[in-house]
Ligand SMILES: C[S@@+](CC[C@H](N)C(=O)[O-])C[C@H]1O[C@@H](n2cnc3c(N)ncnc32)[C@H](O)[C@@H]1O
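As a starting point, one isolated chain is supplied in structure tokens, in the form predicted alone.
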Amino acid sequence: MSSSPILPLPSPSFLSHRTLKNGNNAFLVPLGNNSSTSSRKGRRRVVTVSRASTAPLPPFKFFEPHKAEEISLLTELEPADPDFYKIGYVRSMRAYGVEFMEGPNGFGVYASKDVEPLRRARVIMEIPLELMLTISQKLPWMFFPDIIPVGHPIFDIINSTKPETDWDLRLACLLLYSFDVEGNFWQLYGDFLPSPEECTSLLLAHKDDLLELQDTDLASKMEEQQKRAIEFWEKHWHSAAPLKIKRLACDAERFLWALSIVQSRAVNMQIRVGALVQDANMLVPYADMLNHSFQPNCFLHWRFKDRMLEVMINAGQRIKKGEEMTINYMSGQKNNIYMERYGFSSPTNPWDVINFSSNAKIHLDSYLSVFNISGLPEEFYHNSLLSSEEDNNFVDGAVIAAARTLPTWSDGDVPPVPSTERRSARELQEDCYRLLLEFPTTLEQDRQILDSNPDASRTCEAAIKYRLHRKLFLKKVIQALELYQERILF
């Protein structure tokens, strides 16, 4: 089978020293050889060098934080080339004012101190490209780090995938291969990834778990996803496959686990490396512990000058100590998309949808005014400054989603007849009740099932929560329509 050549990303292998100032004189501090160095082998630490001292540098432990005196020295580095001086061949991740702890949604990132709002975004994490697993989205495939040797069969497997659709299969292959590379960073970081028993991805769900979704369309789609992954594994991990391939995924469950990790933790970004700009699929350690929120306080940013991914706090954001740091995984998607990709759902997703069958419609502008919802349909938000504390507790993403999904009409400033408007709202409520009755179980039964089965698998629990969240959304819309009838402003 023919394959495209591997084009490694440019590496600053020619950088063999850094310049360190000492008074009015500059000294060159050797960084050792330019061979690929892993987290286990460590890296050199920048130290003060006197004119008469040529002693070798002590080793620097990979996970050891910089000490105060080292930080002061780093500020005195004088770059010979501003574009490349920070690109050491091995760099560590840095975090500022955050800590990694286990919370209600698994491991997450939490503020270790209060953060006052600033006019500019601020950095809380820096992850260098060297620690990530990256594959370009288009041919020719470009990897970073370039750990796949020429002629290795894993490249032929990656090269056999469809460029348009199989990004996850490619990245799963690279993840499995990185676990097999001696001294690779991901051999260490892999210990922090969730085990198959801890994953909520429906790729790992049994058929009985998929039935718990009470959503035949989503269950069928996940069965197709599982079939796609297993067929890919059977095609390339057959009995005649070389041992160097077989040991990467000895069974289909191992490959399904790697694929679930990739789908639920990868980010898709446009990055710039030197003069090269490319769209890439990336597994970013540490940043992959950020959980999702529809009202995130952080975002991701690519810093091209030194090939660094930054996690930044939103400008003007106030954060209290112990508050979780979150990002928005994707925008404008329904719960079934989140469930398919990440294995979770939310009853307050502002983009969820109800498929109404009634022909009734309510006045959009009137509904928005009652709940102080502002903005255009793509940017709806709750104007809490105009609301009472009671309103703030009621209005959430579900009420905003109702503004997008309810059948509405708008005719400028011409108000509808109040009696006609209330009748339309009641018809839409009845449609919601009908949708609730179509579920095999009630909201209360779902809660009882979750409470009475603490040992249920993570995938089964996620599936039950998915249908529970769907019912909570319908119930919230019913309540919103009830309040709307009481507060019609005309």
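In case it trips you up, residue 1 is the first one in the sequence shown, and so on. What you see is a predicted model, and the numbers here were worked out from it, not measured in a lab.
FYI, the form predicted together with the named molecule isn't displayed, but the following is about it.
- Task: Pick the stretch from 257-265, 310-318, 396-404, 230-238 whose residues have a heavy atom within 4.5 Å of the named molecule in the model of the complex.
- Result: So the stretch in question is 257-265.
- Looking at S369, Q187, S358, N105, which is the one with a non-hydrogen atom within 4.5 Å of the named molecule in the model of the complex? None of the other options qualify; the answer is N105.
- Of these, I124, C173, L213, L290, which has a heavy atom no more than 4.5 Å from the named molecule in the model of the complex? It is L290 that has a heavy atom within 4.5 Å of the partner.
- Message: I'd like to know if T134 sits close to the named molecule in the model of the complex, meaning any non-hydrogen atom pair within 4.5 angstroms.
- Response: It does not: once the named molecule is placed as it appears in the model of the complex, T134 has no heavy atom within 4.5 Å of it.
- Message: Just checking whether W351 would be counted as a contact of the named molecule in the model of the complex - the rule being heavy atoms within 4.5 angstroms.
- Response: Answer no; every heavy atom of W351 is more than 4.5 Å from the named molecule in the model of the complex.
- Message: in the model of the complex, is there a heavy atom of the named molecule that lies within 4.5 Å of any heavy atom of P347, even though the partner is absent here?
- Response: So P347 does not count as contacting the named molecule.
- Item | Contact label in the model of the complex: P194 to the named molecule, heavy atom within 4.5 Å | Judged by the heavy-atom cut-off of 4.5 Å, P194 is in contact with the named molecule in the model of the complex.
- Item | F155, W167 and N281 all contacting the named molecule in the model of the complex, non-hydrogen atom within 4.5 Å | Not a single residue of the candidate spot has a heavy atom within 4.5 Å of the named molecule in the model of the complex.
- Message: Residue by residue through 328-342, which ones have a non-hydrogen atom no more than 4.5 angstroms from the named molecule in the model of the complex?
- Response: Result: Y329, Y342.
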